[in-house]
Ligand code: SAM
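Shown here is one chain on its own, the form predicted on its own, set out as structure tokens.
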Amino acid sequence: MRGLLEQGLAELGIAPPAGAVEKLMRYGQLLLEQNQVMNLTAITRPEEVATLHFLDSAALLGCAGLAGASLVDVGTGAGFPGVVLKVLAPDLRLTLVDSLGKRLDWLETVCQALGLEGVTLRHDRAEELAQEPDWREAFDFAAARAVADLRVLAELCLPFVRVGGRFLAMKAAGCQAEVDAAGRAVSVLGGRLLPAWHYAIPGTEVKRTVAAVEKIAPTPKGYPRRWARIRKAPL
């Protein structure tokens, strides 16, 4: 795993801080151990954890200046991309949001084991949390690495982003039709689509896309809607 990580980070143009590769290796060990008792990932080979999880998450550093910024990772799951970004950019002010408390309990132990400081963990549903005044439009960046349609992700994530900030949705390659179809939703929510960023995960033939949205106006009151409504009638 070490060789894959070192070479892959170099290919991405990322100079990891001292000890970062060791922390990612430890993270991978903890992930695979916990995955035996909790469904965290379908990827169980260490080399694929290194590439398809860690290097994929790390690639986000190539399209956004995260140093010293605040980022909310919405629906973080096993901590991707947020924990990887924190390891590689220690001054990132990271918040992990997930609807499953036991995942966050595990992530708290991971952050402690890796010595990560300044990480906030919140057990809540994104569409409810984004209505709270202290959380609404409070972050420089929101990120999501999920399979949901971009129209849905935009409604869940853009309300967290301050005007002038960005929402970064990590998607599979070939998602341009989905991105184009989300234009109206993004506009309604106070955003503007930016050119998508394309990359290949080092050590693999997998190509990925980051759909980027700039927040240009406050999200109107009433968004996000209740989850049942979002799912039934995407913007």
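Just so you know, these numbers come straight off a predicted model, no measurement behind them. Don't overthink the numbering: it's just position in the shown sequence, from 1.
Keep in mind the form predicted together with this ligand is missing from the figure; the text below concerns it.
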Exercise. Which pick from 121, 116, 146, 138 sits with a heavy atom within 4.5 Å of this ligand in the model of the complex?
Worked result: 146
Problem set entry | Residue (of 93, 162, 125, 151) lying close to this ligand in the model of the complex, criterion heavy atoms within 4.5 Å | 125
Exercise. Using a 4.5 Å heavy atom cut-off, are 100, 103 and 156 all in contact with this ligand in the model of the complex?
Worked result: yes
Problem set entry | Stretch in contact in the model of the complex with this ligand, which is absent here, among 69-77, 85-93, 130-138, 108-116 (heavy atoms within 4.5 Å) | 69-77
